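Only one chain is given next, in structure tokens, and it is the form predicted alone.
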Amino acid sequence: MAPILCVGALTMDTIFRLDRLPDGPGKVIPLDAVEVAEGMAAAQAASIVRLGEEAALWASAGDDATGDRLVAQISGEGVDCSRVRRVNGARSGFSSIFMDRTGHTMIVPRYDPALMAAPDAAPDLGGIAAVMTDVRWPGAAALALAAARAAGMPAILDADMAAREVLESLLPLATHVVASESAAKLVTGTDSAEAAATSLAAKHDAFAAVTAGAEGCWWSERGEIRHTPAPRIESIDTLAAGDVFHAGFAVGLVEGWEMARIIAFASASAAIKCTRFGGRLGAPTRAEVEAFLAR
């Protein structure tokens, strides 16, 4: 199997699960807490491995102890981290995340600007099956998407919330756009996920899908917009659900499935994750997703 190269964010997240989010200053005792290496691209890569394919990561970390732990954790998931860029003197990215019982979150991230400096060139894509980028490292995302498209392989964009100019610069480079509802509405000026999917598919030479959480996913096929409902589950943690969806999407794409099966698999993967606390640590295995779908 050839790996899927994930490009973008790598952060150390401390996740606190609370009874409810605080409404003012004070000390709050969590119900649970975990520290986990994630960030969009890193969470996608680790989830791809759990779903049965190989993954590699192109991201930036500082040359500090946190960076060492980030690389060790993601490598420990079976992800090839040989392309992770270590930036001298930079502080690795980190976040504090507060979550209530229903999965609503308050996220406080910190990225050293030195980590986000654009690289000089894309890495060698020899032996890579597909490229998937987030929007957190735009310079690298642009290089990787363009290189993948030029090489004739899938160039997948996780179009999550970012500055509009960042989204508009990356969208034309992708062969497959899977956007969050909020980002899709921002960049298209529409007022619904379905309308946003229609607009993205019409404006760009790419497959387009828009995810809308519990409302499901709208996606394009042969000039039509189709809808796949989200599985009905009891959600406790939506953190990294989008990353797990993208992982499932990429796995199905490189394995050559029909699109309806890909979206159903990605949706089920994300749904299972939402029933488990711990961000990307709740990502399911392929066997778990297949059993979920069989039910």
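Since we're looking at a predicted model, the values are computed, not measured. Counting begins at 1, following the sequence as shown.
The same protein also exists as the form predicted together with another copy of the chain; that form is not shown, yet it is the one meant from here on.
Colleague: Would residue 85 count as a contact of another copy of the chain in the predicted complex, using a 4.5 angstroms cut-off between non-hydrogen atoms?
Modeller: Taking the distances in the predicted complex, the answer for residue 85 is no, it never comes within 4.5 Å of another copy of the chain.
Colleague: Is residue 227 one of the residues lying within 4.5 Å of another copy of the chain in the predicted complex, judged by heavy atom distances?
Modeller: Flag for residue 227 set to no.
Colleague: Please determine whether residue 256 contacts another copy of the chain in the predicted complex, using a 4.5 Å cut-off between heavy atoms.
Modeller: Residue 256 lies outside the contact set for another copy of the chain.
Colleague: Would you classify residue 222 as touching another copy of the chain in the predicted complex, given a 4.5 Å non-hydrogen atom cut-off?
Modeller: Contact with another copy of the chain, no.
Colleague: To verify the annotation, which of these, 195, 117, 146, 107, has a non-hydrogen atom within 4.5 Å of another copy of the chain in the predicted complex?
Modeller: Filtering the options by heavy-atom distance leaves 107.
Colleague: Spot the stretch among 171-179, 198-206, 92-100, 213-221 with residues whose non-hydrogen atoms come within 4.5 Å of another copy of the chain in the predicted complex.
Modeller: Stretch with heavy atoms near the partner: 92-100.
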